[in-house]
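For reference, the chain that follows is the form predicted alone, supplied as structure tokens.
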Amino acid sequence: MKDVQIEMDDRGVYLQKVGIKELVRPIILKGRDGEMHSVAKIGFNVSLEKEKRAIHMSRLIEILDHWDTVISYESIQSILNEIKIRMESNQANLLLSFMYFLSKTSPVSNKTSLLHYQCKIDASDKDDFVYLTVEVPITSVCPCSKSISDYGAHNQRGVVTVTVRTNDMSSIEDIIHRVEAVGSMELYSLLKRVDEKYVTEVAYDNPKFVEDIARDVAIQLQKDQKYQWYQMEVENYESIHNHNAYVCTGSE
């Protein structure tokens, strides 16, 4: 059968990334308390030399289907090397998008439930690290509103998005805990009335601007040498405005 992909191309255009994206597969991540199962959207791509017309994309699926699906730095580098060799390319890249689940216990009633965190891994065979992105939801109470109001203060849910360079997948939980420690209050899926009273009062006693949260997260990350490089976004979904408050910063 004719193989059109291996035909030569004379247009002289090098393609940096060619591949597949949005492929859905089950994965396994190893956390502090054991294995965590999730579902990921996966993308693979390789570079394509200017004299080659196309890649055999079906081979990417075949490689993935033989992957053991355990997500670690070592397994990611292994599959990237396999892709690079089998696709006869100079560079291979992997992008994973998945939910990470943590079991959280409510602060007063001790009820346990799962909370999810959106995560991404962006990896290249050229690097000795991966770019790990973790989105952590938090609660914030406005210090200005509290100081000028006779009754209460406006509060909102926000999201802190942190990207670091790492080769340790346990960094996911570590980042989550560092971020949750500096919001006005952390989030829970399950709260009874005694818990709701507790979390709203704690948040009220700990008001923070979006700028405060960004600076406090930066300080938390700077405590550990493995986070020497980071990028961070903090976005509050304002409850009394038709717009959001936003901060973006990172390591120098």
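Predicted model only: the values in this text are computed from it and were never measured. What we label the rigid core is the largest C-alpha set whose atoms superpose within 1.5 Å from one form to the other. Sequential numbering from 1, following the sequence displayed.
A second form of this protein, the form predicted in complex with a further copy of the same chain, is not displayed here; the remarks below concern that form.
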Residue stretch of 167-175, 74-82, 134-142, 121-129 approaching a further copy of the same chain in the predicted bound form, non-hydrogen atom distance within 4.5 Å: 134-142
Interface membership of residue 194, a further copy of the same chain in the predicted bound form, 4.5 Å heavy atom rule: yes
Contact of residue 53 with a further copy of the same chain in the predicted bound form (heavy atom, 4.5 Å): yes
4.5 angstroms heavy atom contact with a further copy of the same chain in the predicted bound form for residue 112: yes
Contact label in the predicted bound form: residue 37 to a further copy of the same chain, heavy atom within 4.5 Å: yes
Partner contacts for 10-27, taking a further copy of the same chain in the predicted bound form and a 4.5 Å heavy atom cut-off: 11, 13, 14, 15, 16, 17, 18, 19, 20, 21, 22, 23, 24, 25, 26
Exceeds or equals 2 Å, Cα of residue 14 between this form and the one not shown, core fit: yes
